[in-house]
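Take a look at the structure tokens below, where one protein chain is shown in two forms, each on its own, as structure 1 and structure 2.
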Structure 1
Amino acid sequence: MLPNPFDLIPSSALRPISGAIGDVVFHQGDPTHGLYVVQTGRVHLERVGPNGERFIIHRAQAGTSFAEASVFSEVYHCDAVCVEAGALIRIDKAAVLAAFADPAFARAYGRQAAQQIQAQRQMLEIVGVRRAEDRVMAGLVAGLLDGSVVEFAARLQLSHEATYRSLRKLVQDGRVTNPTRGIYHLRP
């Protein structure tokens, strides 16, 4: 089992950053310093449209990284705005580029990236399923219902009502068991 790749970065390359709500971590066009890890709070990456509209291109959650591609870029290509106060860590791009010379880091990074890409591809397939019932079933098969149904519904890009109804239908049709309130399992 390979470790989290960023554990292999020297701590001198890590800069803690505290983000208050509304803080702009970086602007589009700023020279890149590195990638970021969200420890707590939430950060939105946004691009400004031609008429000034703001388009969210990513919502970074606690425990995830963002702006990884900035390591290979001279400037940031979007804005990063803190939408929930928290703590970030910035990882210096030079340190990351240097770390790729360490095969252990390179493999750990490659592994994590490959898994994330697979997971995202699957999410794109799942949210592309039109019928709510089919989407819920696909989500269950993918193991996305680990926490609450509300959270599950959000991942599926469905209203929680539609999700509850689909779950009930799947239970009625015998494809899913509902041993207790809020718990649903695939029937094998």
Structure 2
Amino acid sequence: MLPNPFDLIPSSALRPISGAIGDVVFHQGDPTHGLYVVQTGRVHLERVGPNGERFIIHRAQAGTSFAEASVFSEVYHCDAVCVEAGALIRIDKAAVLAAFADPAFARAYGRQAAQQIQAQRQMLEIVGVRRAEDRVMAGLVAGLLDGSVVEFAARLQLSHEATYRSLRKLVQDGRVTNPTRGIYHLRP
């Protein structure tokens, strides 16, 4: 089942895709065919720097969509790479554009876009915090530690070593609990 508003799109506009680790869903510069919803697995949207270095610009996980801007573009502006095997649904670009005629779809799509903007603004504020310990605390308060500490560190744009040190200090200071390895909770 697709998340709202994509559940309002006709099934004839949906194309299931399987992805293995390392599979490229699309390349920067490829013609756009639609946007995608991750059913299982994870996909990173990446840009390539002038020296071949790769920069992650978005991390899509199960239940989330990506490449929404492609609906309004002729070409994809980044690469989409499967970093965890899974299942995707490609939603046809023309079907998405046609769905905007339905007020319920347009409102739901706008609501989803607004939530994504809020989340991005929050992330910009968090990664703008200079002290690692404060940034880690801000990330915990925002509920960003929902996977491994290494993934959490990457989201915070910190090394995993700095993140572990900060978590250890927050536990020592009594601001955070660590009931089991890799699990951290804010103190009530």
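Basically, rigid core = biggest C-alpha set you can superpose within 1.5 Å across the two forms. Counting starts at 1 with the first residue of structure 1 and goes up one by one along its sequence. All values derive from a computational prediction rather than experimental measurement.
**Student:** Given these two structures of one chain, say which is the form predicted on its own.
**Tutor:** The chain shown second - structure 2 - is the form that fits the description.
**Student:** Which one of 63, 89, 127, 103 sits right at the hinge when the rigid parts move between structure 1 and structure 2?
**Tutor:** Looking at 63, 89, 127, 103, only one falls at a hinge: 103.
**Student:** What is the rotation of the smaller rigid part with respect to the larger, given in whole degrees, between structure 1 and structure 2?
**Tutor:** After superposing the larger part, the smaller part appears rotated by 19 degrees.
**Student:** Superpose the two forms on the rigid core, then give the C-alpha shift of residue 121 between structure 1 and structure 2 in Å.
**Tutor:** With the rigid core fitted, the alpha carbon of residue 121 is displaced 2.6 Å between structure 1 and structure 2.
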